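In structure tokens, one chain follows: the form predicted on its own.
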């Protein structure tokens, strides 16, 4: 990058322009399953940088002496900085950063020795909120935006034996981001998912998509894309069934349909198979289940059988770690939902860690996955749409081999305007283009005249509906009236209903904020929803209480208290048992 004169940065307002044009997107992603990795997790030196002085002054060049040998004064000292263990959310790592919402700089050294001639080396950052920039040995490698999907950077040309890597993570909320600046959850900052190095051959497998052919039980569809338009032959194998099939590769892509009778994956019997794909020197592996999901009239069919989705919504928020969930945190959430009687979870309102989908495959839990097209997104802005579609593509590429994922959601609670209808219709079409084997949904709102009137329902397979009768809308009698007026021709999932309740705070069923009020709303909601044929599932709001700076009432204390379980993830509220009993009854009726 161009060398700057001393102090020249103090007069520059558009300092970010020099970092534009190297954005990493879904096109840079590659399939990671079965590949050997080298972790860069652990201790990193860090400094808060609210004025983005690192980017303005090019700290990553670490020039302490100029060309004439003159010692330069520095505003940083990498080795003198304190350390933080990554991945983490800085808000929970140090008390002084709890409310910090700007830029943090992270740096460390690592040693690199080649293992094979011609190998290419990549860094994968599982997630960093929100704008991530990566520098290696003084070179700028690129940026990534979107706080919940993985970023991929090639390091090959910049690598040395001894290396300094530097990251900047900017968690600022801005109106032209996805999500925008106003949300209903805590804006955790940090590099909060794993950092991994991958060594790959010159030509490698970038995409590997394997699934059951829709409507069949014995035909598999295999898709692959390479890192370049190579020609040759790939080999797909499924050892348990004795399958090994050649796929002719032309222009770097291949598609194949392979006969292979399989045991179908279900939540009750989550059968998984080891699969592998080889091309040249590269090999990718996965452990996958095969199932069919579709709709027919008002029904949702799993493997051809009607399905009622006994679900619950969930945020990614642990008391001591924020969004930096461990595998144990994820397993705890799934097992808590199973204890509740669930076969389904809505992972709201952004892509959760991929650990959730991997565990859901193994433990038998169906999933709704979502991107943060949330509330007042700037739907008329082309750059905002591009960001939303890229996050959707990155999520789909990451999780489309997961049998547990049955629904892609393109957003939540947006007003039905012409711009929004166009924006989200295009997202639905993009999701189908990337993956035609799943259903498309979105969490819509009840209209002012108490109907399902959202035009987006026209392009969805399943209508998600957020309604809070008994809580924000006091008259629960409006719930049956809503469906009598709407008569939807598609299955509906009640994607949200519920009520705040502080664990241990008691009163009458009419006293809002009490556990008795929450439990009564659950009793009346479930009793009414059970009578409505088009309602084929529900994900009440929400499994655990979670942090939210918008909520300042003493009973809230900067938390959304609609959880069925307290924020400590241990203490169940009475409404938990109401929903469990309802789900036990629904399961017995199946």
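Residue numbers count along the first chain shown, from 1. Treat the numbers as computed from the prediction; the structure is a model and nothing was measured.
Beyond what is shown, the protein has a form predicted in complex with alpha-D-glucopyranuronic acid; the following relates to that form.
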> Wondering, does residue 184 line up within 4.5 Å of alpha-D-glucopyranuronic acid in the model of the complex on heavy atoms?
Replying inline: yes
> Is residue 76 close enough to touch alpha-D-glucopyranuronic acid in the model of the complex, meaning at least one heavy atom pair within 4.5 Å?
Replying inline: no
> Closest heavy atom of residue 63 to alpha-D-glucopyranuronic acid in the model of the complex, within 4.5 Å or not?
Replying inline: no
>> Please determine whether residue 99 contacts alpha-D-glucopyranuronic acid in the model of the complex, using a 4.5 Å cut-off between heavy atoms.
In response: no
> In terms of non-hydrogen atoms within 4.5 angstroms, which of the given stretches 260-268, 90-98, 386-394, 407-415 touches alpha-D-glucopyranuronic acid in the model of the complex?
Replying inline: 407-415
>> By the heavy atom within 4.5 Å rule, which residue out of 59, 44, 31, 546 makes contact with alpha-D-glucopyranuronic acid in the model of the complex?
In response: 546
> Just one of 112, 468, 421, 81 has a heavy atom within 4.5 Å of alpha-D-glucopyranuronic acid in the model of the complex. Which one?
Replying inline: 468
>> Since the partner isn't included here, can you check whether alpha-D-glucopyranuronic acid sits close to all of 188, 317 and 352 in the model of the complex (heavy atom within 4.5 Å for each)?
In response: no
> Hey, which residues along 352-385 are within 4.5 angstroms of alpha-D-glucopyranuronic acid in the model of the complex, non-hydrogen atoms only?
Replying inline: 374, 375
